[in-house]
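Okay, so here's just one chain, in structure tokens, the form predicted on its own.
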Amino acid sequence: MTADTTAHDIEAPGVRIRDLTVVYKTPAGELPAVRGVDLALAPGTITGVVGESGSGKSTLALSLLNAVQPPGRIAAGSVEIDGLGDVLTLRGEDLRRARGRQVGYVFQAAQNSLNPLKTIGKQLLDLGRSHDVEDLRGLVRDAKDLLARMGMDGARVLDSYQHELSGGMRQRVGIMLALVLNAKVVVLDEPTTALDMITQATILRIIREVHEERALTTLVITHDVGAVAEVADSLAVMYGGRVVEHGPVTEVLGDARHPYTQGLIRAIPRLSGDLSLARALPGRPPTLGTLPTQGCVFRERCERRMDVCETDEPMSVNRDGRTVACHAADRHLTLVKRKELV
């Protein structure tokens, strides 16, 4: 049985992240980069995670591989993947085998994940041997096929060193390496960063096509709301290490409920219409050292803040398949429901 055949014999798994907390050791003590995150990735869907730099997106993504490095550590929570169990309990050989076989990862800077001293082909063979792939010829065939489907000459790419490839080509090589072992959960960390708009569009199309063809469960990390709107089924918005809003992508972008989500959408540059409608979010996102220890993490930049936001952290409230953590949004939706009942 070839690797490609195996890919279609396994259904897409679901992923459930529960009460995930990741802390980093600093001179001021251990500070949370991700705190109490609950997030479900439905089988066979693409979930986008958006937020400004420092919101905890990449730390969340690394947690799916149990790959948070010192001075960071996963302090609490679980990451359960169907057919694999809680990734955070895996150690040693079991964890190494899960990475690549069950969970594939495409790093933000593709060139940093490639060995500059080896051709792509040699790195592919190293990957296969490290996971005890017996049919290395079949692995190479699958790699060439994946690269061809992404518009590349597979034989030429495998004979190339990373410096001989453009940024877009290296990104596609990263996608190939994440998929060639038939991982069913794939994490893409900023897959279109530093690429021109045409290459970005190509990468987004490839992500969607490969996701559907291989029946994957995919997580896309990005700061680009427009990019994730092109490919995602659901959207999670992170701020200050918390998921502040989550729901179907069309509903979140079409009717954002959290003030931070609304601010991100208003900040999107416009190509037509009233260009003055696009405006930047006021203030700056918090750092580990400036995150408030109580109340709402977004309150300093929020035009709808109330007294309760200073003291009480908003709970995530689920209504109509949408999750929002905001005192103002919760109060507004409660009033709307009351009016509907009158």
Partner chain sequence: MTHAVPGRPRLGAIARKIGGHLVRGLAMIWVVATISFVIIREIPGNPVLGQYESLIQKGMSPEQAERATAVLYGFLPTGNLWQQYVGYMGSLLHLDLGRSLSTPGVEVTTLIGHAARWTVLPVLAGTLLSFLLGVTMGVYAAIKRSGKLGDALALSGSLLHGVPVYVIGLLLTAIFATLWPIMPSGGPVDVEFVPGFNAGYIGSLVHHAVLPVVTYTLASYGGWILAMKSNVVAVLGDDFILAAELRGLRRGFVFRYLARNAILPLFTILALSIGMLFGGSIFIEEIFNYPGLGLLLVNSISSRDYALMGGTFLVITVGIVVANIAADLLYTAIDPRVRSGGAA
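All values reported here derive from a predicted model rather than from experimental measurement. Residue numbers count along the first chain shown, from 1.
What comes next is about the form predicted in complex with the partner chain, which is not displayed.
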V37: touches the partner chain in the predicted complex, heavy atom cutoff 4.5 angstroms | no
4.5 angstroms heavy atom contact with the partner chain in the predicted complex for G240 = no
Does L127 make contact with the partner chain in the predicted complex, using a 4.5 Å heavy atom cut-off?
-> yes
G100 within 4.5 Å of the partner chain in the predicted complex, heavy atoms = yes
R214, R141, R205, K118 - the one with a heavy atom within 4.5 Å of the partner chain in the predicted complex | K118
Partner-free chain; cross-checking the partner chain in the predicted complex, the single residue of S78, T193, S160, Q262 with a heavy atom within 4.5 Å is S160
Would you point out which of 294-302, 309-317, 38-46, 58-66 contains residues with a non-hydrogen atom within 4.5 Å of the partner chain in the predicted complex?
-> 58-66
